[in-house]
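To begin, one chain is listed below as structure tokens, in the form predicted alone.
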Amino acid sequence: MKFRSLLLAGAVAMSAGAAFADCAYENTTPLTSLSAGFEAWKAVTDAMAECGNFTASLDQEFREKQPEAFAANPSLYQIGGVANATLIPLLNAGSIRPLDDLIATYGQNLTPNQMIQIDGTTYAIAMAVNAQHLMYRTDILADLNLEVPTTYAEVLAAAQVIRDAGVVEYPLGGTFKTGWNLGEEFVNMYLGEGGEFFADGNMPAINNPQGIAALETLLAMTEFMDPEYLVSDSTYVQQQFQQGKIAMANLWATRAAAMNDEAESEVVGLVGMASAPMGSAAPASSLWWDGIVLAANMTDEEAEAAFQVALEGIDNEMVAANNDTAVWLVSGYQPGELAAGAAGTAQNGAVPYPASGPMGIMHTELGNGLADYLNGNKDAATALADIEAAYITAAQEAGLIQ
């Protein structure tokens, strides 16, 4: 799947001013879903709920809960919200259902770029693309005569000027929470340096100049962040922006709309979007899709109902009412200002997140092992060597390394 093509496929013209209509499918089967809790999933699950007999669980810990919940028989949820990497454990466990039969019957309005196929079989329906990109306070940069940073050297230089001016509590925010978030920050920065994660035979290959450069940039950023950065996830950074506490952050495109939510944001109209800053080779970000899967462990009748409800959640009426909430892949999406950062990140050469079984293990070990470097307990080379060793052990146990 080529993600820049996938991104552009969502930009299809539509007539403005539409709003939610009643669900075209009257659901009589009790259904539940488990997904992330950002604004796009709220919009999608609200649209699903219009069909009746549907309950959504919006949970930022969904990636930890989904594998066990979907492995239950019957599954604890019929519908799941996934992305590149969170699809892999469900796929490997055989706990999600192939969708081609349901697409043939009900999916005539889906586009080819929405169908996520593994070895020729469709297992997920993509609804939006996502990437971390630079969000910044337009008023602060203007007041301090700063240009929008395009590299991390420029980000750090601007952060110093902002700190010296004392206009916010912290110049930078970042999703550095120990675990998945911190692992993703390294993945982004390492891809920006042009790094490759594996050598032949799934052996790790991160203890190199690109890996050290990525770590050094992450450490430099922490000097300008809330000292509690190791508990800072996407919601934490979103709220820092909304409360006027930070001036810049590389944050998910799906969080952009929340900046202009008058009910909770103090900076409405003051947060701009730009491409993720460049590393030495590419934007320090990875391209993702968000989409829908169905559990394998349910009846065919439940699957038919779940698929039809899911399609109602990602139809063009939902997009018309939530156009700026995400970079949608649904027919009818019109890219707006809030999509500029994600579009720029893709156009500047960001690559897809390299989801795979080995990468799932690598990401976990990165998330667990990087804090020792940031805390000063290990130097960069030692931290990366220890992460590689932990990966090798886990990959051998999983049968990925002989």
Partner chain sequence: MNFRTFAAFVGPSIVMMLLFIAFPLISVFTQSFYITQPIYEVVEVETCTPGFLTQTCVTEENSVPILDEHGEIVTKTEFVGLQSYRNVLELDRVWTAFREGSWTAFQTIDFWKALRFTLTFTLITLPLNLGVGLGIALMINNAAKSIRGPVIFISLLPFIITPVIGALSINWLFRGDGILTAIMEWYSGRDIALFAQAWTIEILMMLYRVWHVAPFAGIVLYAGLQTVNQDSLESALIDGASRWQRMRYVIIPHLMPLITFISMIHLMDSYRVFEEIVGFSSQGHVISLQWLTYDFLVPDQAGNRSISRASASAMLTMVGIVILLIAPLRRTWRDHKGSN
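Positions refer to the first chain, counted from 1. Bear in mind the structure is a predicted one, so any value in this text is a computation, not a measurement.
The following text describes the form predicted together with the partner chain, which does not appear among the structures shown.
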Handout entry: 4.5 angstroms heavy atom contact with the partner chain in the model of the complex for residue 357
Key = yes
Handout entry: Non-hydrogen atom contact residue 28 with the partner chain in the model of the complex at 4.5 angstroms
Key = no
Exercise for the section: Examine residue 166 and determine whether its closest non-hydrogen atom to the partner chain in the model of the complex is within 4.5 angstroms. Expected result: no
Handout entry: Contact label in the model of the complex: residue 126 to the partner chain, heavy atom within 4.5 Å
Key = yes
Exercise for the section: Considering the partner chain in the model of the complex, find the one stretch among 146-154, 90-98, 277-285, 210-218 with heavy atoms no farther than 4.5 Å from it. Expected result: 90-98
Handout entry: Contact check for 82, 242 and 331 against the partner chain in the model of the complex, heavy atom at 4.5 Å
Key = no
Problem - Listed residue (175, 75, 86, 325) with a non-hydrogen atom within 4.5 angstroms of the partner chain in the model of the complex - result: 86
Handout entry: Those residues of 87-118 which, in the model of the complex, come within 4.5 Å of the partner chain by heavy atom
Key = 88, 89, 92, 93, 94, 112, 113, 115, 116, 117, 118
